[in-house]
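Shown next as C-alpha cells: one chain only, the form predicted on its own.
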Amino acid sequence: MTTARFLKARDIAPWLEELSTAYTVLAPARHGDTVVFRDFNPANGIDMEHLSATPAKKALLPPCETLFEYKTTKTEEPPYKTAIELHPTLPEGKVLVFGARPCDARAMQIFDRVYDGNQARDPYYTARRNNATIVTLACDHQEETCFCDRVGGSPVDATGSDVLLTPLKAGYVAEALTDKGETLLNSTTFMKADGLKQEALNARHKMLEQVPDRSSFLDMERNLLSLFSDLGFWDKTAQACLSCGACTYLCPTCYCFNITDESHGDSGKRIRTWDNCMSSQFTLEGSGHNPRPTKAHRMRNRIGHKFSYYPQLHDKTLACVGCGRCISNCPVSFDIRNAVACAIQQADAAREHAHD
C-alpha cells in the first residue's frame, strides 16, 4: 500500500531545510518577476502556485558541465609522441527536485530513453539520475498554454515521480511512489494522513473533470512525415519565429548539447553545454555546408523530432509533454499547438486530394 502523509504548507520550508543537509534541493522560487527552479534558500521563498518559466531539467543535465580534465605531455626523445592523461569528473551528491509539475517528471523519462537507454548510456547523466529524487506537485488548474492532456499526460499524472503532492486546504497529501519517496516521508515533519488520501484522490478526479475534451496529438508520425518535402508549409509555419532558441532552452524535453575543449597550455577541460536546434549554426558543417539552412528547415526538424522522429524510435512516446513554456515565454508567442494542428489539417487535405 502506498504510504501517505500530510504536509502543512507552513512546514514545507523547514522540511526542505532539513533535507538540505543531505541533498542539493531545487525548488520553484521567484527571481524578479519570474518563477524559476533554483537552489533552495529560505530567504527566496517557494512559489507553489505558478508553473515555473524554466523546467527542472538542469538537475539531470546542467546547462554547462565539465566532463573531464586533461593534460598532455610529450616524450623527450624523438619522435616526441604526445600522451594524454584524462581525469573524469563524475557528478557526486544527491539532488532533490521539489515542486516539479507532472509534465516535468514525465519529461525526465524522455531523457532516460536517450541518455540511459539500451544502446547508449551517459555516465554523467546516469550518475545524476540515480541520485535524484523527484517530488511532484499535482496541478490544481491548467494554464491557458498547457496541453499535457493532448500529448499523453495529465495535470495529475504521477509518472516519473518519487512523491506526489496533492494540494488540499492548508497543506498537501504526500504519497510515496518509490523507495526513495518512502525515505523522504519518514521525516517527523509530516503528519498522519488518516482519511485524507481519499480526499486527495477526489481532488485529482475533480481536476481531471476540468480538463477540456480536445483533439490528441498522439499517433501523428505519418502526418508529419508526409509533409517532410513540403517546404512551403514549413516556411509559412516558421514565418513568425525569430530563431532565438528560447523555446529549446525552456523545453523540459530538449536535450541537444555542444562539446568544446578549453585548453590552457598543455592542460584543459572538456565541457558540455546546452545547445539548440533553432540556431542557424547548429548543423553548420566545417565544410560550410548546412543541411538546415533556413528557419523552415529548422522548424521542420524541431516539430518533426518531437511528434514524429522520437515517437518512432521510442514506442510512440512523444518528445513533448505539453507544459506550454515554449508558448508563454516566446517573444512572438509562437504556438506549437497551432503548428501541429495545421500539420494535421494539411496532411489530411493532401490525402483527400490524392483520393479524388
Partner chain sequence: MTNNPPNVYLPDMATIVEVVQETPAIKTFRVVLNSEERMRAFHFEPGQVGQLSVLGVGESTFVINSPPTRKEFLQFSVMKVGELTGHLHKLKAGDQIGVRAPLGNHFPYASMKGKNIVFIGGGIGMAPLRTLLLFMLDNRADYGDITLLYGARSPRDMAFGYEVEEWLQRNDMRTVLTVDNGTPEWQHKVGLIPNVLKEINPGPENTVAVTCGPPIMIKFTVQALQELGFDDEQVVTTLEKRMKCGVGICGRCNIGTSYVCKDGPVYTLAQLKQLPAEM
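Throughout, rigid core stands for the largest set of C-alpha atoms superposing within 1.5 Å between the two forms. Numbering follows the first chain given and starts at 1. No experiment lies behind these values; they were computed from the predicted model shown.
Here the subject shifts to the form predicted in complex with the partner chain, a form of this protein not shown in this document.
Asker: Determine whether any heavy atom of Ala120 comes within 4.5 Å of a heavy atom of the partner chain in the predicted bound form, and answer yes or no.
Answerer: Yes - in the predicted bound form, heavy atoms of Ala120 and the partner chain come within 4.5 Å of each other.
Asker: Using the partner position in the predicted bound form, report whether Leu177 sits within 4.5 Å of the partner chain, counting heavy atoms only.
Answerer: Leu177: no contact with the partner chain in the predicted bound form.
Asker: Spell out, yes or no, whether the shortest heavy atom distance between Asp261 and the partner chain in the predicted bound form is within 4.5 Å.
Answerer: Yes, Asp261 is a contact residue.
Asker: Do Leu313 and the partner chain share at least one heavy atom pair within 4.5 Å in the predicted bound form?
Answerer: Yes, Leu313 lies within 4.5 Å of the partner chain in the predicted bound form.
Asker: Kindly indicate whether Ile12, Phe147 and Tyr172 are, all three, within 4.5 angstroms of the partner chain in the predicted bound form, using heavy atoms.
Answerer: The answer is no: none of the three residues contacts the partner (heavy atom, 4.5 Å cut-off).
Asker: In the predicted bound form, which of the listed residues (Arg272, Lys197, Arg204, Arg129) lies with a heavy atom within 4.5 Å of the partner chain?
Answerer: So the residue touching the partner chain in the predicted bound form, by this definition, is Arg272.
Asker: Under a 4.5 angstroms heavy atom criterion, identify the one residue in Thr54, Thr317, Asn301, Asn329 near the partner chain in the predicted bound form.
Answerer: Looking at Thr54, Thr317, Asn301, Asn329 one by one, just Asn301 meets the 4.5 Å heavy-atom criterion.
Asker: Based on heavy atom distances of 4.5 Å or less, which listed stretch (317 to 325, 22 to 30, 66 to 74, 35 to 43) is in contact with the partner chain in the predicted bound form?
Answerer: Every other range fails; the passing one is 66 to 74.
Asker: Scan 289 to 326 and write down, in order along the chain, each residue with a heavy atom lying within 4.5 Å of the partner chain in the predicted bound form.
Answerer: If the 4.5 Å heavy-atom criterion is applied to the partner chain in the predicted bound form, 289 to 326 yields His289, Pro291, Arg292, His297, Arg300, Asn301, His305, Tyr309, Gln312, Leu313.
Asker: Please determine whether the C-alpha atom of Thr72 is displaced by 2 Å or more between the shown form and the other one following superposition on the rigid core.
Answerer: Yes: Thr72 shifts by at least 2 Å between the shown form and the other one.
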